[in-house]
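Form predicted on its own, single chain, as structure tokens, below.
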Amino acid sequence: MPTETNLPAGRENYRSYARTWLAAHLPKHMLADSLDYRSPTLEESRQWEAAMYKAGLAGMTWPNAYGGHGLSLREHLAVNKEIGALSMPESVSSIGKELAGPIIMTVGTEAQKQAFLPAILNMENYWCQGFSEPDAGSDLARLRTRAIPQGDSWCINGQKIWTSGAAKAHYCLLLTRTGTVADKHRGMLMFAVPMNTPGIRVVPIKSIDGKESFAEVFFDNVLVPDDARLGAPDEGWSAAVRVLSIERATNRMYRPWRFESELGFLVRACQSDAQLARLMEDGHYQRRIGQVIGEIDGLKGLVERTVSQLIKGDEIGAQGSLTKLYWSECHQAFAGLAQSIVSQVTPASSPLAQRAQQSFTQAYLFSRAETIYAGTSEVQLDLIAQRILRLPRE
């Protein structure tokens, strides 16, 4: 396993290393733009992500003491550019790596860091995020799930919804409140709750794409020990804000490069088929594709700027809402464009065009959620108006 002493130094060297390693080791059946593609199993994904970590392509910025490689965001971004350039599957452990891990490093005890962080990188456990609720949605101030002290434990009652990966998760990054809804942001408490704790019930939800990737999660008199608490009893809101700023600003930095890869796949598929090739000569589609190229460049600029600010030690805060709003709205529009093109594929079309139809139909269906998860577009616009533009409330 590479260590911080034998991984290549320097951003460009690291990017070249990542490109070479991925080209040599990524199974062809995991590439969505390959005719060999098939959806990987959970175990195949686990093994692949564990191999990426051992190769130094995950946990780049995590401290060595907790299993990371102790590198900077520059190397993290360099690797993400190469990951984005390939049509590889999304991580099956993104919540652990991108949300639970950073928040544990921020507010967790030393014992919690030692227990959880190396296991996340080694793909020994998966996490889900218990934030959204039926009556609250993205408005965490309306959260109702209660945590009541009971001796050396906490008794938790409530319901979460749209909990991605809950059916496979070993732990839940759970946000609760110790008071009432009237307390709004006060009295919130975060836990790392084992999903096999008695009283937890997971009910999968089938989405429009036919998958059951998220679920409702019910907590009925769930007792968790005090050492499952992440942070102080009134630190839940500030911890949640940190999680959301991470989620909106820094997660999946590869998005614009993946976006670019998807566009390249769409164009190649069209060029492989006489009927679709004619669409590429149509002025309407040429203008739309030109617009997409501009949006990709804009998103790259946002990501690069975010990394530069973080390296300088600047707080991102509500600026993450700009990035989240931009990428989700642009990618959803691109998915609509792609779907309008691949909907014209027939059984007589080229094999690559048929593969594109399968891939972009799934992407289009999933994209309907992109302006909802991690905070709806309406919530992002409200945050931008209040915290960046400082517009007055009516």
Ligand SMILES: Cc1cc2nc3c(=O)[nH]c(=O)nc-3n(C[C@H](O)[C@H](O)[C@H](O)COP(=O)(O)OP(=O)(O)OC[C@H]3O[C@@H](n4cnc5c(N)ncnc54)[C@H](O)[C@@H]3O)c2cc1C
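Throughout, we count residues from 1 along the sequence that is shown. Values in this document were obtained by computation on a predicted structure and should not be read as measured data.
Below, we turn to the form predicted in complex with this ligand, even though it does not appear here.
Every residue of the trio 132, 373 and 378 has some heavy atom no more than 4.5 Å from this ligand in the predicted bound form. Partner contacts here mean any heavy atom within 4.5 Å of this ligand in the predicted bound form, and among 190-198, 71-79, 145-153, 160-168 they occur only in 160-168. At the 4.5 Å threshold, heavy atoms of residue 265 stay clear of this ligand in the predicted bound form, well away from it. Shown alone here, residue 174 lies farther than 4.5 Å from this ligand in the predicted bound form, counting heavy atoms only. This ligand is not shown here, but in the predicted bound form it comes within 4.5 Å of a heavy atom of residue 366. By the criterion of a heavy atom within 4.5 Å, residue 126 is excluded from the residues contacting this ligand in the predicted bound form. Checked against this ligand in the predicted bound form, the candidates 219, 237, 214, 259 yield a single residue with a heavy atom inside 4.5 Å, and that residue is 214. Of all the residues from 60-98, the single one having a non-hydrogen atom no more than 4.5 Å from this ligand in the predicted bound form is 95.
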